[in-house]
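Coming up are structure 1 and structure 2: the same protein chain in two forms, each one given alone as structure tokens.
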Structure 1
Amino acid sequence: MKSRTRAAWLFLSPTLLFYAVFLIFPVLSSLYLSFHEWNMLTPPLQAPNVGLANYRYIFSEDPVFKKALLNTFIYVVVTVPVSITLSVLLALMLSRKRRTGFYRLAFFLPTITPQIAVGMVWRYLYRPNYGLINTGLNAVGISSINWLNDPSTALLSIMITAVWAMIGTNLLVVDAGLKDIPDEYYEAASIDGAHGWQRFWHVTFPLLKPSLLFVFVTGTIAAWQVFDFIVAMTAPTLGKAGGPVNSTMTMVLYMYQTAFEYLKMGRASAMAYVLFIIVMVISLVQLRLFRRGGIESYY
């Protein structure tokens, strides 16, 4: 082996060791456990092999998992498109104004605030008797809503909070994408007689696709892994989170409870791989869809 090659492997070895210990080993261990029944009280290698029993159980015999899967799907389908649409509208409004630093800071603050803290604040805002939201509704003659304690409104309440918290990051990315669009394109479109919507559809939207692709993919991955908001807003303790009657149960929260509350690590590992496959397929579909219409020129 040449000295330069040995030197390259020597410099790469800390990074490779880090990935091997903290990424590759946990991923392969989780795959191994998903085919075994392990309760964390015995060595993992002594856990009995159950084949596909864990996968069959969560899809055919576990109603909570199906509920968690449906809740997470609704959460992703609602929060990601709504937050990105609002971010684009706000970015377009801010691009037409001067001295927008205060507004950008105001929208970005929820992003740098821990989600647990955001969820606890919104939990007090949603309180049935003294919450600020119900106080405002009462002021205009609308009866109080039991936001987080009613199964029909609990998930909606969390999605409203999540959209509010997601706008900051999306706005930052979309705003940067808008600034990269040369003014010459808009001037040429105006000379051709294009009005506001035509300039957005034929100039802004195609050139904004790389930014939209980024926020769609990263936002979707983060939404499928929602955990902190649910815990902070639905229960003071992890064991009671996801209520009422599992109306806010999500896949990651149920995975956590299955692993560390019920000590079913094999079943939780099977859920983790189901979630991994779902996120991977959706991400590939998003990449495929966004590459249509000229986005290839950006890669």
Structure 2
Amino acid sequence: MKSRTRAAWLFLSPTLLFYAVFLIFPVLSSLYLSFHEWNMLTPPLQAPNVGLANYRYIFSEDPVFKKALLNTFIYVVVTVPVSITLSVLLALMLSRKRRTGFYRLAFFLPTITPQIAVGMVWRYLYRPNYGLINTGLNAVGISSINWLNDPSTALLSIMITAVWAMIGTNLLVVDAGLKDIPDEYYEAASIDGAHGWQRFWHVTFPLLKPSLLFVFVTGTIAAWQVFDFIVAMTAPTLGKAGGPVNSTMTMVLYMYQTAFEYLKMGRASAMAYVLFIIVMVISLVQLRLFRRGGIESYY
């Protein structure tokens, strides 16, 4: 028995070593750095301690950080629910079709394509003069929109692309969840006289909750870290990404620029911790909400 316990720990040892070196240590180091002023050129232990100055700076003196926080928040609360709603509708429709291979392939192509490539292609589709989207709008009598170049529509443009690209993954999870619902439940509901929406609300939706929870939590975590789309769609050079006039600046992009362009590692670490805490709190709230919604009574 003892030797088996030892074998188990041995099998776990590469993983645990990895987590110690690449997770626990860096997470604690980031916390330390967030209270220091550090440019990465000196040893971190010699970096001057500035207390809460980094946090104070980003919250009270840095308008770009506030803009990034707001933009990211808008991005999350729009793209996650919209893409999940669309994917649930599409999954329900797909479940009524017999041959779904072609549709599945179509919906998944955007999810396996690198976001940097997706974003770059869409930037050409958004071009103000001869971009395909404006050409289409003009054809139905709507005048051209200056999509990515106008601060009032730039973030919207990115969110449209993101939703387009996110549907596939969500669809797949929801689809698998739908297939897991036993036929008998629908038969029982039919015998009780449930139709259409009733069946959706009383059978499909509750049984789909674990899948919805999963896409909701993982989608939110990913959306708070949006980076690739912004880099791809807002500037040819990274230095100017997040424009026009910071209308598409997001948390991770600003953190990237603060750390690797301005070499303000302490400040960037403080931003990282702010984002970390936001993501943790939201994830925990989401998990609790769904649990109260009855996930455990079904699973």
Partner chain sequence: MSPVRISHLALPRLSQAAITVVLVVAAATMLLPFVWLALSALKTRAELVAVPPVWIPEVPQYQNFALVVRQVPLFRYYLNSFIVAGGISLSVLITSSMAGFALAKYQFPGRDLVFRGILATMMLPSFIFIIPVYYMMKHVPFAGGNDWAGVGGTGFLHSRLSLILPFAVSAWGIFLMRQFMLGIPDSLIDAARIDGASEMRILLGIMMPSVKPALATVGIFTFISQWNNLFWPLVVATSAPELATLTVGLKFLETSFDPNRNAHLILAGLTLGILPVMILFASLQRYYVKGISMTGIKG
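Here, a residue number simply tells you its place in the sequence of structure 1, counted from 1. Between two forms, the rigid core is defined as the largest C-alpha subset superposing within 1.5 Å. These numbers were taken from a predicted model, which means no experiment stands behind them.
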Open item on the list: Only one of structures 1 and 2 is the form predicted in complex with its partner chain; identify it.
Closed with: 2
Open item on the list: Does Val285 move appreciably between structures 1 and 2, meaning a CA displacement of 2 Å or more on the superposed rigid core?
Closed with: no
TODO: Superpose the two forms on their rigid core, then report whether the C-alpha of Phe276 is displaced by 2 angstroms or more between structures 1 and 2.
DONE: no
Open item on the list: Could you tell me the distance the CA of Ala7 travels between structures 1 and 2 after a rigid core superposition, in angstrom?
Closed with: 4.3
